[in-house]
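Before any questions on how it binds or moves, here is one chain, the form predicted alone, in structure tokens.
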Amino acid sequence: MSKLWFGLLGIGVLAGLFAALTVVSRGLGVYNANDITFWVLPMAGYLFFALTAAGLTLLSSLPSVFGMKQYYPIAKRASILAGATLVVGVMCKGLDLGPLSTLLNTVNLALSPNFMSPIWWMAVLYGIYITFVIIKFYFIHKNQWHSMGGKVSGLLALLLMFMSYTALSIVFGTADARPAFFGHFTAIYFAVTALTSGMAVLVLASHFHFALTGGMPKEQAPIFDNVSKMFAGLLGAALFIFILRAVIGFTSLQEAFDGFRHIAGTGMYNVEMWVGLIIPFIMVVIPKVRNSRAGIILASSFVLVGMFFGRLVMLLSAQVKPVGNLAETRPEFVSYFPSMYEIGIIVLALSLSLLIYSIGVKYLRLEATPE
């Protein structure tokens, strides 16, 4: 990792911190959010990074929890990537809340539990989940994969991932006033796309590392051949889920799905469909492309770009059409474009996650396996 790379990440972090501090001091007024579109780009960042972390947590658990020992060479890298994406995902959610006073109220939220609230469970579970992901990585780094602490922290990190993911799915799946979140179908959508984006991050990080360090070790070639095939399968599943959502959205007679049909005519929807799904799927089902480093790096990059836009598409589909009394005084569909501060939050999240991972690559021997 060169000084130039770390310098660029430092600039990204500083620019993002300026945006974050502005949000904390001035509040949500710096976002292009309103009483119609209240979940905007920072919330999309939360969904993207948090769900990607869920996929990476599962992938890092393949050897230690599920006994698939051939995947030890990817476990440590997947573990630190899970931690990096989870930390910045929760950060995005915190900054989605706005000013410092609101952020401090989250302490009261934790200390004043409402056990019937999915949002309370989501907040608490994600806090515990982060803790055990960090503890798990500590034991891995100390080469204590099979110690009692390593086994327990790995299992708890996985269980907390499932619990946090479930709470997140319930938050969106039970929003009866917003049918365009696709109700209980959201849980399936989240599961498949979380695994797909997690796999895309792992594939991109691994192959980019091999490109910088002189190539993939020969003994790992069969592992990454299997990983690339799994990636192709997950992409196919994600494309299938995308088609199902499109069929439901376009054929539903509910007026609430007008917002989905409106968003489907925008550029961001086409980025999700073509850049994030169709083009990379075609690439990875062609063995010559899938087995080339340039091909798999490009395909995984496309997937991540498309997945990010997909999170924003999901949020806006259920919000751009005013409902209830608001529909009487507003246009049929409201427009949205992120402010520079919203973009700054995403720059901060991306730069910080890359910085954490880059430090891991330089100092923490992410290719290490149990001795």
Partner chain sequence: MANYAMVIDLQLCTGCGGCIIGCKNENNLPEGVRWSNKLTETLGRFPHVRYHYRPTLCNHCENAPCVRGCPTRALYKTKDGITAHDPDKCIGCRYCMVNCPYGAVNYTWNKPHQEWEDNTEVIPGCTYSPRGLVNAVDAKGWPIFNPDPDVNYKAIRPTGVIEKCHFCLHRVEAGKLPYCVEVCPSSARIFGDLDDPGSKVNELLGMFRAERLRPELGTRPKVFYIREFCPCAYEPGKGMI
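Residue numbers count along the first chain shown, from 1. These numbers come from a predicted model, not from an experiment.
Same protein, other form: the form predicted together with the partner chain, not shown, and the subject of what follows.
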Open item on the list: Taking the partner chain in the model of the complex, would 186, 236 and 279 all count as contacting it (heavy atom within 4.5 Å)?
Closed with: no
- [ ] Quick one: find which of 262-270, 113-121, 192-200, 238-246 has residues within 4.5 Å of the partner chain in the model of the complex by heavy atom distance.
- [x] 113-121
TODO: Identify which of 152, 216, 109, 212 has a heavy atom within 4.5 Å of the partner chain in the model of the complex; exactly one of them does.
DONE: 109
Open item on the list: Quick check on this chain: which one of 340, 65, 326, 305 has a heavy atom within 4.5 Å of the partner chain in the model of the complex?
Closed with: 326
Task: 4.5 Å heavy atom contact, residue 207 to the partner chain in the model of the complex - done: no
- [ ] Report yes if any heavy atom of residue 93 sits within 4.5 Å of a heavy atom of the partner chain in the model of the complex; otherwise report no.
- [x] yes
- [ ] Would you check, heavy atoms only and a 4.5 Å threshold, whether residue 295 touches the partner chain in the model of the complex?
- [x] no
Task: Contact label in the model of the complex: residue 159 to the partner chain, heavy atom within 4.5 Å - done: no
TODO: For the heavy atom contacts within 4.5 Å of the partner chain in the model of the complex, list the residues of 80-109 involved, in sequence order.
DONE: 93, 96, 97, 98, 99, 101, 102, 105, 106, 108, 109
